[in-house]
Structures are given as structure tokens and as C-alpha cells.
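Have a look below at one chain only, the form predicted on its own, in C-alpha cells format.
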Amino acid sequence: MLIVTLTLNPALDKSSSVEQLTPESKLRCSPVKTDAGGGGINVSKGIHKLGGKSTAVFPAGGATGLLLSSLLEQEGIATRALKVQGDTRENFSILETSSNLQYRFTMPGLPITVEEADACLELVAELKPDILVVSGSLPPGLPSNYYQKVAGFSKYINAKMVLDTSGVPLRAAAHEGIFMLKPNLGELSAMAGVEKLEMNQVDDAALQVVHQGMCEVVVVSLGAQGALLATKDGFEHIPAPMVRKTTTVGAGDSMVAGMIWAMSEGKSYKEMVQTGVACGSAATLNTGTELFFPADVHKLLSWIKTYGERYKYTDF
């Protein structure tokens, strides 16, 4: 399967640490680590870590855009970058080592026009993907329903679209109908038209999304309680292993990466979600923007397959 990721709001992710955050003081930080970031880009990085291949498509502006492209190429990830005016944004995360709390600073994205976003879609079309992973927020300059246009485009090029976003962009795309959605519990609640879903309502809400034609597969991320898989054939809960969480940065993107890699390997939907949960859990073990280590994924996946059936969110 040929996999393409689309990231319309990429970023350079910079991370550092300090013993304690104190206002009005000069804080001595650890050396800065710089990574290429943004939803789809992180998915491509995760797929690469698992031994798979994908091509990352994104707009890149200025010196930061050049650095972002260079970092991906150094990692061996294929890219198709559209040169745009301005500078690609930079995000920052600081780990306070005394408390193990992480502070994330997300900057406004580089504005792009509809014409520039459409040019990114043209790059995607040239690659003729079997799977198109669309992940991350929309940048300034694009209408909130732009992912709905991408959903129609994916049907036109016969690609299975996997979407990981939130808010109006998620709901607009869902009304067009796509292959797979990955909402969290809050996003599923919004799609169901309620303020909050109780755990005993999640299954029915996820099945409703499928039966209404919004997608063929929905995977609801439930944080420490794992994930819920729902298709027209029913639903299944995939529990997450207990881990010592260091950060949540990149956990969702890592989960998507694991699922897409498993799909490309011909795994079942259950195995796909098990792999995704293992990758997402492994990502929480690492500081900064490291995503996950494959060795951690293999250990956690073994736990999920061996012991996971004993743990269901209904037990909590």
C-alpha cells in the first residue's frame, strides 16, 4: 500500500527542560532538541520507525520550512514540500524536571491560501496513494470545512482517507464520509450532539457514526483506558497497558502511525488498533518530541495481546 500523509499546519517542534519554572527569573535550560512536527509529519515519522514507508506532503515557508524538510530527509522520510511565503511556525515544550510536568506552547500556524492548499492536494494526486492520512489542525487562511473538500478529493483519487483532527473541521469532513476517523471522547461527544458521553454510551455513539455513513471505521482514543474500535460489524474495546507517563506529546500521532503501518501490513482491524494503542502508550514514556521507540512498542503490544482481554473500561 502506498501511504501519503498530508499536514497543512506543520511546525518545527523544539523541546527543552528546566528544574523549575519560576517567573521573573533567568532559567537555565537543557540543550534544545529540534524535530520536524505537525500531525501528518509525525505519522510519517512513526511509520518510518516501524519499518514502513510513506511520503509526507506539506507547505514549507522560509528558513524554518527548509530546516523542517531537511530534518525529514535526514531521517530518510520521503517528502513533497510546497514552497510558500512566510515562515513555518515553531512550537515549544518545556519539561519541569522537579515536578515532571510538561508545558506546551503552540504558536499560530503559517497562513496559507486555498490555492496553496489545493496545490498540496495536486502533489498528493501525483503520488496516487492507497491511503491518505490527513492529520492536524487547519492553518489560518483556510475555511473550517476545508477537510470536507479533502474528503471529496480522496474519493476522486480512490484513496482511503484517515482523518485525525477536531472541532468543526472533523465534523464537516465526517458529513462527506471517509474511511476512518480517530476522535477522542470529547470529539465523539460533539459528533453525537451531546456535551458529554458516559462510558456506557460510547459504544452506541461510535456505532451511530458508522451507521450514519460518516466513516467505515471509527477508533475512539480513550487515553489511559485504551481505544474503542467500531465498524458496521460491531465494536471492540482495546485496553492500554499501565505505563509511567512522561508526556502526551505525539501520543495521538503515534497511535495513528501504528494503525496505518498495521493496515499496510495487512493486519486485521483489531490488530491495527492494538498496534496503535501500543505505539501511543510507548510515546508517553519519552520526553520532548521523540515519539516512541520500537522496542517499547513490541513489549507493550505483547502485553496487550497476552493480557489485554482481562482489562475492559467497564471494569473501571
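What you are looking at is a predicted structure, and each value in this text was computed from that prediction instead of being measured. Counting begins at 1, following the sequence as shown.
The form predicted in complex with a small molecule exists for this protein as well; it is not shown, and the discussion that follows is about that form.
Asks: Please name which of the stretches 49-57, 64-72, 252-260, 29-37 has residues with heavy atoms lying within 4.5 Å of the small molecule in the predicted complex.
Replies: Looking at the other structure, the answer is 252-260.
Asks: All three of Ser221, Lys245 and Val277 touching the small molecule in the predicted complex at 4.5 Å, heavy atom to heavy atom?
Replies: Result yes, every residue of the spot touches the small molecule.
Asks: Quick one: of Pro129, Gly109, Pro169, Gly226, which gets a non-hydrogen atom within 4.5 angstroms of the small molecule in the predicted complex?
Replies: None of the others qualify; the residue that does is Gly226.
Asks: Which residue, Leu95, Ala240, Leu188, Ala173, has a heavy atom that falls within 4.5 Å of the small molecule in the predicted complex?
Replies: Checking each option against the small molecule in the predicted complex, the one that comes within 4.5 Å is Ala240.
Asks: Consider Asn91 of the chain shown here, and say whether it contacts the small molecule in the predicted complex, taking contact as heavy atoms within 4.5 Å.
Replies: No, Asn91 is distant from the partner.
Asks: Although the small molecule is absent from this view, report whether Ser137 comes within 4.5 Å of it in the predicted complex, heavy atoms only.
Replies: Ser137 lies outside the contact set for the small molecule.
Asks: I'd like to check something about Thr231: if you look in the predicted complex, is any of its heavy atoms closer than or equal to 4.5 Å to a heavy atom of the small molecule?
Replies: So Thr231 does not count as contacting the small molecule.
Asks: Counting only non-hydrogen atoms and a 4.5 angstroms cut-off, does Asn145 reach the small molecule in the predicted complex?
Replies: No, no contact at 4.5 Å.
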